[in-house]
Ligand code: PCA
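Just one chain follows, in the form predicted on its own, and it is written as C-alpha cells.
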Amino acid sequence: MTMVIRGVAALALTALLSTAAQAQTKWDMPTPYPAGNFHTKNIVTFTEDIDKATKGAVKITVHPAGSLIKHADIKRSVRQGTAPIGEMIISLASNESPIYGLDSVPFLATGYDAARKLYAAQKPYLEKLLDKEGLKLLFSVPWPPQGIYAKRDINSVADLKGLKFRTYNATIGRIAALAGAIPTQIEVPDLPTAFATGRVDVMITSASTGVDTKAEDYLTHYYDTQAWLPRNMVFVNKDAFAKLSAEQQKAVLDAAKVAEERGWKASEEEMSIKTSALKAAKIKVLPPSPELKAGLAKIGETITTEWEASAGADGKAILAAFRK
C-alpha cells in the first residue's frame, strides 16, 4: 500500500512539474531602438501587462538597441522562429512589397489624424501580407512627423544636391535620388559616428531620433517639414502565438490594443517634448522655406504616383479608402 501511495505521489509530482513547464512561456524580443526611446518604453509596458494578465505564465524579455538581433534582421528572425516576437519600422520591408512603404510616402499623411486614417486604410492589407509570411500584426505606433537635419542652411531642394543623404528604406532613398543627393544607408546607433566622419551630411527623421542620438553634437539645423509619420510595428510568429492558450492569446491581444493607443498618445507628447529639447540643445529649429516646402511637395507627388503604380489594385484601393 505504501509503495502504491509513493508511486501515485511520484506520478502526480511529475505531472505537476510537466504542466508547470508547459504553462510557462519565455520569449526574447529584439527591438531596434534604445531603452529610453518612447517606442521601447511602450513595449516594455506591453510585456509587463502580459506578465500580469497571465500571472507570470508568459514572460517576454525586451532586448533594445539591436543588442540581440540587428534591425534589418528582426523580421526574418521572427518569421524563421529564431525570435518569437519583434519590432521594426515597417518601411524597412518596403523592398519586399510597396504596402510596407505606404506610411513613409512623403506628404501623403502629414498629421496624426491623417496618419490614423492612412493606417486604417492600410491595416487589412498589412495583416494579409504578414499572414502569408507566418506573422501576426499586434500593434503599430507612429514616430513624430519627420524633419530635415543638416549641418548647414537648406533653403531649397537644390541645396541637397550632391550631399550624402541618410536612408533607412527605399522611399527615403528615392527622396534622396529625386533631390540629387547620394543615398547612404545608416542605422540609428551609427548616426553620431557617421556624421562625425563625413559618411553622411543630411538626414530626414523625427525629433525623437535627434534627441536620442544627441544631434547637437554633430548637427546644427532642424527643418520642421512635417513630411510623414512613419510607423513601427510589433508582430509575432504565428506558430509561437498558436502555442499559447486561448486565455494567454487574449491577454497578448488585449495588451497590444492598449499599447497601440498608449503609443499614439506618447508619440504626440514626444513630438512636443523632443522638439523643445532640440531647441534647448541649441539646434536651430526652423520651418521650411516656401521654396523648400514646394520642392519637397513636388517630390512627394512624384513618389505617391510611383507608389500607386507599383502597388497595383491593392494600392489603388488603399488610397481610395484614405482619400474618402
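These numbers were taken from a predicted model, which means no experiment stands behind them. When you see a residue number, it is the position in the sequence shown, counting from 1.
Although it is not shown, the form predicted together with this ligand is what the next lines describe.
Heavy atoms within 4.5 Å of this ligand in the model of the complex map, among the stretches 235-243, 198-206, 176-184, 108-116, onto 198-206 alone. Taking Met88, Leu163, Ile85, Val188 one by one, only a single residue has any non-hydrogen atom within 4.5 Å of this ligand in the model of the complex, and it is Val188. Checking Tyr168, Phe139, Tyr223, Tyr125 against this ligand in the model of the complex, a heavy atom within 4.5 Å turns up for just one residue: Tyr168. Looking at Tyr33, you'd find a heavy atom of it within 4.5 angstroms of this ligand in the model of the complex. Among residues of the shown chain, Ser94 is not one whose heavy atoms approach this ligand to within 4.5 Å in the model of the complex. In the model of the complex, Tyr100 stays away from this ligand, with no heavy atom inside 4.5 Å.
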